[in-house]
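Have a look below at one chain only, the form predicted on its own, in C-alpha cells format.
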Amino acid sequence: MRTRLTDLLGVEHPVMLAGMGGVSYHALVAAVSEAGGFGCLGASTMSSPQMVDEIRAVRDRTTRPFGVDLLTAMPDRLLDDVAALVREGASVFVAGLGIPCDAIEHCHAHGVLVASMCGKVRHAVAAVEAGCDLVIAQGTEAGGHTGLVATLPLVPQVVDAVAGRVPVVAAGGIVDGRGLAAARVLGADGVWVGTRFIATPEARSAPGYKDALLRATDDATVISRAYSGKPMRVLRNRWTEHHEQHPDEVARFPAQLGASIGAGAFHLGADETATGVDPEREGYPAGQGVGALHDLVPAGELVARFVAEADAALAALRD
C-alpha cells in the first residue's frame, strides 16, 4: 500500500507506531520498523541519556527509518534532545502538544523530518505554515493526551486544509486494518496507532497494564486531568472517579503529573518488575478502540495484519 507517507518516510507500509511515553521503547520500535512500518520512540518519559541509549538500541536492531516523539510542552530540554536525536540517526522528530518552531530549522538542516500532533484544523494549518513535513490528525478517541474533536470529522477537515501541501496521518481509535482502510477513504495517507501496539509482547508496560487492556470494554475509558493536569484518555478507575468528584484537587500541568507520580498512582515508564502498582489508582492510557483487543499479538505481525485487512476491506467495497 504505497502512499505519499510511505514515499516520504521511506517505508513499505503506511502504519506508524505512536510514540507512546512509557510504552514505545526500542524493542517495540525496532519490531515495527523491521516489519516495514514506522516505529517511533516515546521519549517523553525518558531522561536525555536514556533517550540516546534507546535510539542506539533501535539502531542496533534495524537499519530502517524510525522517529522520536518529544513533548514540546517541556521546553527546558527540547532543543538539546532534538539535537541528540538528529545526531544519533533518527529520521523524524514527532512533536507532541505543540509546534516546535525553534527545532524545525535544525532538523531540516540535517535532513530530519518534523511531524506535528494536531487535534484541531487550525493546529494542522499552523504546523504546516511553521514548516512541518507531515501532520497527525488525532481524534479524541485516542489514548493519552487528546483533544475534543472525533477522528471521523477531524481527518477529512484536516485533509481539506493541508493535504495539498503535506501528508496527513489519521489517529484515534484505530486498532485494525479496517481503520487503515477508513483513513485512506477519508483522504489520509496512513495511520498512527497506539493502543493496539501496547497489547504486544514487545511493548513496555507497568504491571497490569496489558491485562487491563484485554479486559476492557468499549466504554472503559474516560478523559481525565487526574494524572498530568492535561486532558488524558485513560482506563476509568477509582483515581479518575475521585478526581471527577473533586476537581479542586487537580493541579495544572506539570504539577499534577508530579503529584500523581508522588502519590504512587502513575508508573508510566516502569516495566513489569515495578512494585506498588494498584490498577484501581494507576494511570493506564488507552483509546476507545480498547474493547476490540482480545490477545497479545507480535508487533511485526500486527503491521502485516493492518495492511492485509485494509486491502481486503477496500477490495470488498470495490466488489
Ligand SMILES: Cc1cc2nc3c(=O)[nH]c(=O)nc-3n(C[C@H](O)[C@H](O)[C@H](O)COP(=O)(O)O)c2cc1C
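In this text the structure is predicted, and so the values were computed from the model without any measurement. Just count from 1 along the sequence shown to find any residue number.
One more form of this protein should be noted, the form predicted in complex with the named molecule, which is absent from this view; the next part is about it.
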{"query": "The unique member of Ala226, Val168, Ala142, Ala127 whose heavy atoms fall within 4.5 Å of the named molecule in the model of the complex", "finding": "Ala142"}
{"query": "In the model of the complex, Glu54 touching the named molecule (heavy atom, 4.5 Å)", "finding": "no"}
{"query": "4.5 angstroms heavy atom contact with the named molecule in the model of the complex for Gly173", "finding": "yes"}
{"query": "is_contact(Gly179, the named molecule) in the model of the complex, heavy atom dist at most 4.5 Å", "finding": "no"}
{"query": "Phe93 within 4.5 Å of the named molecule in the model of the complex, heavy atoms", "finding": "no"}
{"query": "Which of 19-27, 307-315, 292-300, 5-13 sits within 4.5 Å of the named molecule in the model of the complex, heavy atom basis", "finding": "19-27"}
{"query": "Residues of 25-51 having any heavy atom within 4.5 Å of the named molecule in the model of the complex, listed in sequence order", "finding": "Ser44"}
